[in-house]
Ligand code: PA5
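Before any questions on how it binds or moves, here is one chain, the form predicted on its own, in structure tokens.
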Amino acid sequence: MIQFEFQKYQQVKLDSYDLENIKERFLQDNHMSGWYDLDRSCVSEIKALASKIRLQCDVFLVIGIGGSYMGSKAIIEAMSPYFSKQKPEILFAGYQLSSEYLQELLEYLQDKEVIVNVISKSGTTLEPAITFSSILSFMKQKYPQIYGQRIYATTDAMQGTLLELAKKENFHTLVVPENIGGRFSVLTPVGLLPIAVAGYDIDDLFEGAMEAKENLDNCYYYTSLRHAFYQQGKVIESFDIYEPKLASFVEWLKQLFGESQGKEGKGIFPVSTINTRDLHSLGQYYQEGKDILFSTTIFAHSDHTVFLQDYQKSLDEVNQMAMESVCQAHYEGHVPTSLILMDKISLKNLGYLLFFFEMSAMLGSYLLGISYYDQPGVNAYKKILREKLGEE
């Protein structure tokens, strides 16, 4: 169960926006809108593949960058125990160019049974392409006769370098939907296969997402609030969490809003804090720094009861009291807060938030008058880097 508290820790006059009409315009545009459909047609295949994969490997290695890995990583880390000896272990690579990481990864995999899931619509994105090249060589050495059977390529259905390689090497292929951008692709084979291999019921994610789709009033309110703050000169939104398991979830949020809305000199800059840790660093600036911030706090209650004898309260109660104290202090320091409360971290609740925030990112982009689905600015460094590398 999820509750929203939008008014307790802020005072803002909202303009009236016909967001239902914006939603209809978005659907009529029919461009990169496939995520809204919540297509479950791939679920049976994903579950069957995941069951097979789980029996065949110690490590399931996901290679991708941006939306190709951030959504699945967010869900898996949110659901996994802190000190789990999960089998198979889900590892992620291809999202940076660290030689230390790649070398240590290859050494770590030497005595493990490995299956690889390389995710790229084109196959030409530099970071995962470099990583996959090394991993493919490793797999050929480790499994000389059957390496192709242990590699799953999630890529475009019709064209691209990765698709051509998959056909040549006989990899199993899954499809990146043509009308869904990477950061909106969690509930497609891009995100679903790693989540299912990790042992989680992807049907529950869809159940939560469908509930969010059928109840958009809170999404409309949140979108209107963000736009109102932006018009007041509050150009930084801090996604604050009090459960470190959600750290990768707020990293996904930063990509979702940063790439969707940071264009044409517009947009709110997304940051994140893990509290109460960051209250002893960034908390000072939030409270008394420049008046450019607002907060969206995601608080998840715990299923575990750790009783604190000295306070006659559970640790979960103290954590909530800390969160409420921060919200009140920030409110008094002119940092308004929208509060999202989860009764627990569950796949259904996470699925709800996935759709809630995706919808908010799309609606907010329409209010700004910009395209939500592309990210032309990302190509700036790629162009320069490829020139330095002497590539076309």
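Just so you know, these numbers come straight off a predicted model, no measurement behind them. Residues carry their position along the shown sequence, with the first being 1.
FYI, the form predicted together with 5-phosphoarabinonic acid (PA5) isn't displayed, but the following is about it.
Peer 1: With the cut-off set at 4.5 Å between non-hydrogen atoms, does residue 10 touch 5-phosphoarabinonic acid (PA5) in the predicted bound form?
Peer 2: Residue 10: no contact with 5-phosphoarabinonic acid (PA5) in the predicted bound form.
Peer 1: Would residue 226 show up as a contact with 5-phosphoarabinonic acid (PA5) in the predicted bound form if we use heavy atoms at 4.5 Å?
Peer 2: So residue 226 does not count as contacting 5-phosphoarabinonic acid (PA5).
Peer 1: Quick check on residue 182: any heavy atom within 4.5 Å of 5-phosphoarabinonic acid (PA5) in the predicted bound form?
Peer 2: Yes, residue 182 sits close enough to 5-phosphoarabinonic acid (PA5) in the predicted bound form that at least one of its heavy atoms falls within 4.5 Å.
Peer 1: In the predicted bound form, does residue 240 come within 4.5 Å of 5-phosphoarabinonic acid (PA5), counting heavy atoms only?
Peer 2: Output for residue 240 is no: heavy atoms all beyond 4.5 Å of 5-phosphoarabinonic acid (PA5).
Peer 1: Could you work out which of 67, 364, 351, 336 is the residue within 4.5 angstroms of 5-phosphoarabinonic acid (PA5) in the predicted bound form, going by heavy atoms?
Peer 2: The option sitting close enough to the partner is 67.
Peer 1: Using a 4.5 Å heavy atom cut-off, which residue among 117, 120, 188, 295 comes into contact with 5-phosphoarabinonic acid (PA5) in the predicted bound form?
Peer 2: Flagged contact: 120.
Peer 1: I need the one stretch from 82-90, 106-114, 206-214, 255-263 whose residues put non-hydrogen atoms within 4.5 angstroms of 5-phosphoarabinonic acid (PA5) in the predicted bound form.
Peer 2: Careful reading of the contacts points to 255-263.
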